[in-house]
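In structure tokens, one chain follows: the form predicted alone.
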Amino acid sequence: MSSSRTENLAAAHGGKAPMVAIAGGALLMLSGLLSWSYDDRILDDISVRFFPIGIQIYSMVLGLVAVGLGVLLMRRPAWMDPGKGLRILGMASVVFVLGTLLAIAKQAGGIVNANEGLYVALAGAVLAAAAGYLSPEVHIDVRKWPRLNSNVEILIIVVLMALLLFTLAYTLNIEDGAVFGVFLVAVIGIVGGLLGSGLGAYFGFIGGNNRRPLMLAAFLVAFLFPFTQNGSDENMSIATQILVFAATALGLNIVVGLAGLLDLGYIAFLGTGAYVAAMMSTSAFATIGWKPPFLVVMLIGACTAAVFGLIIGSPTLRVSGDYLAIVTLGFGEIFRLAMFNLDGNNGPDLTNGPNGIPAIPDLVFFGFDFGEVHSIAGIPLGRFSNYYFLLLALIAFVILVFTRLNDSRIGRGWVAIREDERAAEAMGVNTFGLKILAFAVGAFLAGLAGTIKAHVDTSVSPDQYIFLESAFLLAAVVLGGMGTVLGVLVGATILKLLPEKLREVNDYRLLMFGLLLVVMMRFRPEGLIASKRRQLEFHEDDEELNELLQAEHLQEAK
């Protein structure tokens, strides 16, 4: 719909928008009490009435948020834009209902199996979306943000983190791929609706006022997560792989997000750490006789990766942009082929060639065996839970390194190089040294993650470190938001979790990721959670964003 037509509609019927939103929300809530299908064998049985379950509950929550935004639209607070939130929520609700209809048609053999609840939900979703488009555009005044007591702000952070923990635990326990898909759409609608209405910027403001409690609450949520899984190794295996992927992506974020250097062979640094750990492990197939303690192995693996980072970073003095991408892509392929050939026939016997190094034993720290089940407060914590805690400590270290560097002169130098290398050089920035340092630090962090990954996977082989993995790492950084910690964590979680839960469409995952990136580049090129500075680069004429940035700077200066 064109902007002028939307403005005309809003001018003519804007006064009806709150009641339309409330009516749409009420219908969505009512649909949860009705039957959605004649077939009780599909989608966790949505044929029952007055006993909502699964998809019916999601619809009710969508309706509740739509009603809330409709009430706020009536009150018109100066620091919120409920209409924008309703547009996001309404469109997501329409997709949610149509997705459910497709799932019913596929699993039950036709849309004739859909029942009255689905059509009531569709009517409610359309009304919620219509209310959003009827709402007049609001210029948010960030100076009107309600100032709360510090304890109340911390309480809000705790409640949000508790909701996050519950959502994470619930998400991993969804087994049906179709239910997971529509649940994801519902979550996007609810979160997008609330954040789009202005609450996102306000929560960011509260988080900025309480950085340490926010970080503490975030790590507490991550720490408590294994206790919600009741010893499930399946879910914890997924969580562990996400942490390995996230730690590696954070290292790449230094190279790409801060320094602006395109690296398409980054997976080689993860592989370097993994192969060093495997070769020095007590596996019967390990090729090096020296078996130092694992902490020493971690240091050696990370330093070896850093040396490779220095080697691959050295051409950056003469090449950049597309040429640098080709150089790094070549490095990634050389690493994979080298691992194939270091089998004693074409070179020294280090990697066992294409067979790799299997049977890597579990770690043992000071008598603590990571392969055994341990119980805390009666809750069993299996093998993957043990590695999860170790990786959590690694993530904390990586975030500490990233934030310290980002806030230092080195970080500002990297950003200057990313913005305009020639201008940075003219201002006295040591561009070559800083670019080399970015490659070395990023490779060091990836090498650390690789040493743990080798023991989590119990084997290493060249097939694990192909170009596609580098592309996914880069996609996680771009999708989440270059230069931010939270954005990359979100991007890594999405790209690792979706293939695990949507196995029905696993054959099309490359197509889906490609479409996702195209949509992101079209509608949100700065990423899901972008830094304000980078967001401003893409939206220079956004006055609200300018005001928000100035308000945050003033708050930081106090």
Partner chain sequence: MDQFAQQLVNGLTLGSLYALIAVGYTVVYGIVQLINFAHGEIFMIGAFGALSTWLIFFEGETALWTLPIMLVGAIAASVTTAVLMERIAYRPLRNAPRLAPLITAIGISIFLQEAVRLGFNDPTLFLSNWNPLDFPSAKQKVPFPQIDVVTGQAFTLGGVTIQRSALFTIGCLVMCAAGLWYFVNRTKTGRGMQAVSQDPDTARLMGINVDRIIMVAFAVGATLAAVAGVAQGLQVTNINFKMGFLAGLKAFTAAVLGGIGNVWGAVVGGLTLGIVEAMAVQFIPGTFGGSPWKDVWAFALLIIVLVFRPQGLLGAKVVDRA
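If you're wondering where the values come from, they're calculated on a predicted model, not measured in any experiment. Numbering follows the first chain given and starts at 1.
Heads up, the form predicted in complex with the partner chain isn't pictured, but that's what we're talking about next.
Screening 395-403, 220-228, 375-383, 469-477 for residues having heavy atoms within 4.5 Å of the partner chain in the predicted complex returns a single hit, 469-477. Taking the partner from the other structure, the partner chain in the predicted complex has no heavy atom within 4.5 Å of any heavy atom of R75. The shortest heavy atom separation between Y202 and the partner chain in the predicted complex exceeds 4.5 Å. Using a 4.5 angstroms limit between non-hydrogen atoms, E333 touches the partner chain in the predicted complex. Mapping the unseen interface onto this chain, P361 falls outside it, with no heavy atom inside 4.5 Å of the partner chain in the predicted complex. Contact with the partner chain in the predicted complex, defined as a heavy atom within 4.5 Å, is made by none of S237, I242 and V297. Taking a 4.5 Å heavy atom cutoff to the partner chain in the predicted complex, the contact residue among N352, S320, T431, N210 is S320. Of the listed positions (L194, V126, V120, L264), a single one reaches within 4.5 angstroms of the partner chain by any non-hydrogen atom in the predicted complex, namely L264. Looking at 420-443, the one residue that comes within 4.5 Å of the partner chain in the predicted complex, counting any heavy atom, is R422.
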